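The data below hold one chain only, encoded as structure tokens and taken in the form predicted on its own.
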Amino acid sequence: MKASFPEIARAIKQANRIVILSHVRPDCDAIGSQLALALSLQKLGKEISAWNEDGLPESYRFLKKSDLIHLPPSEAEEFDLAIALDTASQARLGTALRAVRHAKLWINIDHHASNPGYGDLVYIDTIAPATGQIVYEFLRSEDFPLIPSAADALYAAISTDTGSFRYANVIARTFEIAAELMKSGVNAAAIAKKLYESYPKRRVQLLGQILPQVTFDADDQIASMSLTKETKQRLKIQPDDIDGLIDYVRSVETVVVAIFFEELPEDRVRLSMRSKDDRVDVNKICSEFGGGGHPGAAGARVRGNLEEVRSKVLKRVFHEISKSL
């Protein structure tokens, strides 16, 4: 049963020590939502910790006050309240989850369709294109503080999870919120420059390595690209350097499903998948490999070597396209 904003606000007001967590390999929606809520609750006088297993990605350090987000401590701590943001399964909190020895209450705020509803107070809105949009609506609805640095973080969160307001998940309210944030002082052009025009040189070098090896299958309806551990090590690639690379193959006219395979340590492969057709649900496909997400964007971490996983996943996607289109 979905909790209401007033119920969540009441739990926050009754707590003193609060920890705010987001998923491993965080994107800007996770970091922006986490930062904005942490700043708002600090303004209310709460004692706030904000943890992520991977810390703060380099590409989001331009967000003011983002140094509030830390790696989890080695010694577990106790809290009155723990809040998980933008995290479809509790296990995806990683070491941040293990660093919470005990919390009297857990709140789960998310927009992923695959979220099973873990926690004591659960607010999942699968219509919202970004968790940042939910956090904004919560802060405004409950009259919680929204300081300028938090507004910037929420705008960045919403912009990135909507593909700069291009994806099918955008609703009319999303544009209204963007306008409200700009009226409050958010410089949209400056944030866009940091998000989309300030990549490190190694990202371009990475593209030069993997684009020539892109493969097309099923009459060019499936496009896939792969990143090996060797290439990552040689170019000193950071996790956030990879964000958005799948869009290069997703944008091909004939492509229905785009797939990114990233080789990980310990014989695992990170799978990222995008669909351009409502009839092909990549959340359903990725859930079969232990992952999840949205119908149009999902992912998983799969046991096996790169070629084995590629073969299994491509076969499954080909079957889904053959059946659905």
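Just so it is clear, the model here is predicted, and its values are computed rather than measured. We number the residues from 1 along the sequence you see.
Although it is not shown, the form predicted together with guanosine-5'-monophosphate is what the next lines describe.
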{"query": "Options 36-44, 64-72, 51-59, 290-298; stretch whose heavy atom lies within 4.5 Å of guanosine-5'-monophosphate in the predicted complex", "finding": "290-298"}
{"query": "Heavy atom within 4.5 Å of guanosine-5'-monophosphate in the predicted complex - residue from 250, 203, 112, 232", "finding": "112"}
{"query": "Heavy atom within 4.5 Å of guanosine-5'-monophosphate in the predicted complex - residue from 93, 88, 156, 134", "finding": "88"}
{"query": "4.5 Å heavy atom contact, residue 276 and guanosine-5'-monophosphate in the predicted complex", "finding": "no"}
{"query": "Contact set, 32-56 vs guanosine-5'-monophosphate in the predicted complex - heavy atom within 4.5 angstroms", "finding": "none"}
